[in-house]
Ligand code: NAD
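Coming up is one lone chain in structure tokens, specifically the form predicted on its own.
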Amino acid sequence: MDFLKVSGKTFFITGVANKKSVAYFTAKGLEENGAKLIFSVLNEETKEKCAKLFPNSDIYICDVEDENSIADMASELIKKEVRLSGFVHSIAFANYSEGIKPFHETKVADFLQATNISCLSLVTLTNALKDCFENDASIVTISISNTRATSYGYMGPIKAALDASVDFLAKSLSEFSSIRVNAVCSGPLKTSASAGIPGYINNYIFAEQLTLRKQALKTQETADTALFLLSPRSSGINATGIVVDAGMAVNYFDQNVVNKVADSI
């Protein structure tokens, strides 16, 4: 039984660089269910890595900080008359070269660059590809489970902007189509990207203890939710952020964790 109903459909995926990312697991799930994939990567090095993971798929180089790069890629897809049933936005970047600083010390250039790559690229790529989307296409972006409690410096507000952009993009697209836009708001994951965040491992271990099952969230679990949102099976879900955190949000005062902290004070 083809439950997801994605077989034969084409999906555009960003953010695949290795086997640890949400984008990879989502793409693999689509492929295993008979979907065709088109990838966008940052450079030749990433293209080579992606090609090894998905040798039968088209891969384009696109720098989302460069309007011409986006336009050129979109032009190629339009020229080939590509019809997209979905788009996975899994791009994020923050400059942590100086470590995590207090929010009030955020540099303007760093904030604007991270916003452009991690948030606005959802809008710019969607706009560039709008003529490629099927009328009922599904767009899914990868966010975080709590944009106010995060300790990732200025990425919290930027992810909050991404969440808000989901709503406004869904409204905007509804003026001429039935395209849906949703977010998967994931708890901490063990990915290559997260490894670059200063102090992340402690946050990851702490988050694992706050889950109701006392087991860390798996990247596959986040990807499975994205896979569902990309499929027609989720046709009634739009302009929504689905939290995937293994129950962490209701367990910030886990008694065992509280006792450990209190006893150490």
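One-based numbering along the sequence shown. The model shown is predicted, which means the values in this text are computed figures rather than measured ones.
Missing here is the form predicted together with the ligand; even so, the following discussion is about that form.
For the candidate set Met73, Val166, Leu84, Ala92, a heavy atom within 4.5 Å of the ligand in the model of the complex is found for exactly one residue, namely Ala92.
Distance criterion of 4.5 Å from any heavy atom to the ligand in the model of the complex singles out Ala193 from the list Leu173, Ala193, Leu129, Ile158. None of the heavy atoms of Asp224 is located within 4.5 Å of the ligand in the model of the complex. Although the partner is absent here, Ile144 is a contact residue: one of its heavy atoms lies within 4.5 angstroms of the ligand in the model of the complex. In the model of the complex, the ligand lies farther than 4.5 Å from every heavy atom of Glu31.
Looking at Thr10, you'd find every heavy atom of it more than 4.5 angstroms from the ligand in the model of the complex. Of the candidate stretches 207-215, 227-235, 62-70, 48-56, only 62-70 has residues with heavy atoms within 4.5 Å of the ligand in the model of the complex. Within 4.5 angstroms of the ligand in the model of the complex, the stretch 164-202 places a non-hydrogen atom from each of Ser186, Gly187, Pro188, Leu189, Thr191, Ser192, Ala193, Ser194, Tyr200, taken in sequence order.
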